[in-house]
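Take a look at this single chain in structure tokens; it is the form predicted on its own.
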Amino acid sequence: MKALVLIGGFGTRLRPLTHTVPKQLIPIAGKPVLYHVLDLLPPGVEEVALATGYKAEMIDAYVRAHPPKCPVRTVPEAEPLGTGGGMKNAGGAMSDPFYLLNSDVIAAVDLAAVLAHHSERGGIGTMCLAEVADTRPYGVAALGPDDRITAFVEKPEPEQAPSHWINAGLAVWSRAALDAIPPGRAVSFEREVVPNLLPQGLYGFRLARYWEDAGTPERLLNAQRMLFDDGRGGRGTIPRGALGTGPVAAAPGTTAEGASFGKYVTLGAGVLVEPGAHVENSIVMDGARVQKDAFVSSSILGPRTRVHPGHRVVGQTLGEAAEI
């Protein structure tokens, strides 16, 4: 059994941070988003292909320096190929069936159960579905008996959405789905390929617990909260010499004596939070410095950022080496 992880897009909704850091490497609850996705894969997955695009070299270097639990290989694309083109480019050695995962979704799901569901139904694919109030950013499924997907509409207007069950970015597909993707050009798998596969049997697997698309600052921080609440954020203790509630996931080299922390904080390697400063519901990346009596809430601070003494940073995303 193998897996294919789609790492496309430019992370535009997380700029200016993603001008220098791909969103998959932003740490939440103590580890990069990508690694929380890889954690979902069950034992026995023998290889993961990462279909990389934007900042592919950074992702390749990171996974080489920090090997995940299962072997990975990166397959970059020379130009943007869309979801389908990326699958075609990286999927040559896929198993039949294979897991297909988006690289920016945080969820509670038993992927072994999804595979069993797929095998029982005997269709071409099984797509995990999450129920959301606002379907506009997503592909939406119409469901028939036995949760067979009878129609699939990508990013419909609310009045045209056939349900509130959307593509959760986690699926099992037969290799025939890869064969159906036109070669040699950019292809949207969701728009151009999936509707034509419905006659071969595409089934939904409804997620019963949490799911989040970590593509915006607000959703990224919400995903971090979900992970911490589920115990997936490490031990969550307060840094030595600090005060507050936590949970806090602190990388090695963090200094925070005399600082205080609220809930849901990730601190990268070498972060300094000075006495009197307070951080809550935030991500503070490697080498950042929050100076004396500063206040940081609901924010993402890029690597080597600096928050000056007494300053307040609330609901902001700061790029690498920013000062405020």
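Nothing here was measured: the structure is a model prediction, and the numbers come from that model. For every residue, the number given is its place in the sequence shown, counted from 1.
Missing here is the form predicted in complex with a small molecule; even so, the following discussion is about that form.
Only one of the listed residues (Pro80, Gly122, Pro156, Pro71) places a non-hydrogen atom within 4.5 angstroms of the small molecule in the predicted bound form, and that residue is Pro80. Of the candidate stretches 196 to 204, 95 to 103, 249 to 257, 111 to 119, only 95 to 103 contains residues with a heavy atom within 4.5 Å of the small molecule in the predicted bound form. Taken together, the three residues Leu6, Gln24 and Ala51 all lie with some non-hydrogen atom within 4.5 angstroms of the small molecule in the predicted bound form. The closest heavy atom approach of Arg13 to the small molecule in the predicted bound form falls within 4.5 Å.
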